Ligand SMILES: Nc1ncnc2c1ncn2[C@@H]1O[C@H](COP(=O)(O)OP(=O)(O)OP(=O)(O)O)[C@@H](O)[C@H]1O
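Let's start with one chain on its own, the form predicted on its own, as structure tokens.
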């Protein structure tokens, strides 16, 4: 299964969610690949820290080779497996983020290379789960991820502006499904930064449910422990597996799989 974490709004926790869900999948014995498509490369920094600077080839190299037609060629060096690097998390590989991605954006867009990421992932063997982390924009890289994915997960940060934007996001996913990727579905809305004792977050979530949006449970709360996990470059679910939020990530991944199974059966 390929999951894309998508929201055009920044600061909603996409990278933290992507890394921890990928780590949960790996911890369950699923061979997992995390694809960092955000030029800020936060997911890469979260997992690798300073070590990331020495790792090549990056996701930027992959897209550069798409432009020059080297990827998926006959030479052994052009195989897509060389872009998937092991991480300190057992069973979790990473396509390393690259700050130079935006320098390639216009060239890739003009050459209409939006299907190449899907083809590259299809050529990779043996991954049970792929998680795609995206930039906070609807651009070439996000479009490529939505085309490559089976399921879209939308983080929601309990803000009224985010609630209003959610319908536009859902519309974008529908358009992508209609025009480019008929198998794409919305796996659910991930409630992040939820304050259990505050009235506004509860009200917003109730409104989402009343409007028929697929809200996933459990909700993810704020925690200083997450920032600590960023600092030591270790997913929270590994650094503090008994922490309440880590347990919620594990339960959330189970809920996502259950929702996908129900969607497939319907």
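Numbering follows the first chain given and starts at 1. Just so we're clear, the structure is a prediction, and the values are computed from it rather than from any experiment.
Only in words, not in the display: the form predicted in complex with the named molecule, which the text now covers.
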Proximity of residue 91 to the named molecule in the predicted bound form, heavy atoms at 4.5 Å: no
4.5 Å heavy atom contact, residue 248 to the named molecule in the predicted bound form: no
is_contact(residue 209, the named molecule) in the predicted bound form, heavy atom dist at most 4.5 Å: no
Contact test in the predicted bound form: residue 12 vs the named molecule, heavy atoms, 4.5 Å: yes
Partner-facing stretch of 56 to 64, 27 to 35, 214 to 222, 197 to 205, counted where any non-hydrogen atom is within 4.5 angstroms of the named molecule in the predicted bound form: 214 to 222
87, 142, 192, 120 - the one with a heavy atom within 4.5 Å of the named molecule in the predicted bound form: 192
Heavy atom distance at most 4.5 Å to the named molecule in the predicted bound form, all of 1, 151 and 181: no
Stretch 86 to 117 - residues with a heavy atom within 4.5 Å of the named molecule in the predicted bound form: none
